[in-house]
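Just the one chain here, laid out as structure tokens, in the form predicted alone.
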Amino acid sequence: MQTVPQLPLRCWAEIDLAALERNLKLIRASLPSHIKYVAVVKADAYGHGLYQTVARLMHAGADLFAVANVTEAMAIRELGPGWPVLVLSPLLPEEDKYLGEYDITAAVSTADEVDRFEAAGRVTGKTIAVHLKIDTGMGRVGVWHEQAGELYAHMRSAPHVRLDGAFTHFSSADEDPAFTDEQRRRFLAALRRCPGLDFNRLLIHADNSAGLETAHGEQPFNAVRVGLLQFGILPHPNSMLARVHTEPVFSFHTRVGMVKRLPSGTGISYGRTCSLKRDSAVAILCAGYGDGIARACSNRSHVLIHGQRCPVLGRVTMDQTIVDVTDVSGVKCGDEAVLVGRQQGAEISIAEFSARSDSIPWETLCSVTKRVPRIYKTSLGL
């Protein structure tokens, strides 16, 4: 059998797992001691890699994992049996049977879901763990807060369904604290409509990365869901959470494939949306929108080469991006270009890259495609 040669990387993302662990410990230190850490790792751990990220978070002491679907939950269960795994999104009926088999916790929003999970538990002889999801103004999944008591009463009549927690989701925690406070009040009022809740046993959570600054550890809250912040990204640039000095975990890199000189007036890339205003040196990078550089970056974004900012010229194409290196000396084929991250003291943050992409960091992380290898840095470095 012919051995496949180890080819050089043309475009890659670096994931600093040591920084991830440090971030978890910093966030936990900023919270009251009784608050449980719910690590949100849906969408392949926000593009960081589910297996590697979850394994490091287990090592760092996460209490529970939250995911979007049963497939993600089953993948986590393969890594270890000791951690609760909560599926935040609705299940399809065909997925119900896996709840008991893989010890997965489901979110409940409707009486129909309660009936389905009761039936699944009866068939397997296992009790299905659930969290009651309450819609306090997000308008997405969850029982409307005024009907939470009715759903809770229905749940109590299902012997194979066990309530392990209750939660809500803030719609505007990063930009509307007044409405966030209203959602919190609605959530607490909904819980009061559910007599007999044992707050010493249940996990009660409302705050996420964007809302952690509103969490004061007041009763009955005893858990927070942490997604973006554990990856070193502030959900909002003016967030009070800047006091928690988390580090970026993700960086995005490519390489120069060619350098050439072009005369003033030359049109660049498809549609000639850019014309050179001077005789220029341009570098063609080995990455494009097929890797995760959005077309919206065309004529707007920058990359770092030799620690200097180089503007993107013309439209980003599927496999290549053109940048101006006229003012950077010595650029040659093979040089590294940083799309997100640091180089020689300069930095392009994921917030900046996302803004130039008409996007947000959540989407940016999930948009770096599967053909981009993830390179994991594991040294603790504490």
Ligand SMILES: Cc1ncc(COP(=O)(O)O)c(C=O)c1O
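This is a predicted model, so every value here is computed, not measured. Residues carry their position along the shown sequence, with the first being 1.
The form predicted together with this ligand is left out here; the points below concern that form.
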| query | finding |
| --- | --- |
| One residue of 208, 301, 183, 246 in contact with this ligand, assessed in the predicted complex (non-hydrogen atom, 4.5 angstroms) | 208 |
| The unique member of 148, 285, 226, 130 whose heavy atoms fall within 4.5 Å of this ligand in the predicted complex | 226 |
| Contact segment among 340-348, 52-60, 35-43, 318-326, judged by heavy atoms lying within 4.5 Å of this ligand in the predicted complex | 35-43 |
| Non-hydrogen atom contact residue 97 with this ligand in the predicted complex at 4.5 angstroms | no |
| Any non-hydrogen atom of residue 306 within 4.5 angstroms of this ligand in the predicted complex | no |
| Contact of residue 294 with this ligand in the predicted complex (heavy atom, 4.5 Å) | no |
| Residue 256, heavy atom within 4.5 angstroms of this ligand in the predicted complex | no |
| 88, 140 and 169 each touching this ligand in the predicted complex (heavy atom, 4.5 Å) | yes |
| Sequence-ordered residues of 342-365 touching this ligand in the predicted complex, heavy atom within 4.5 Å | 362 |
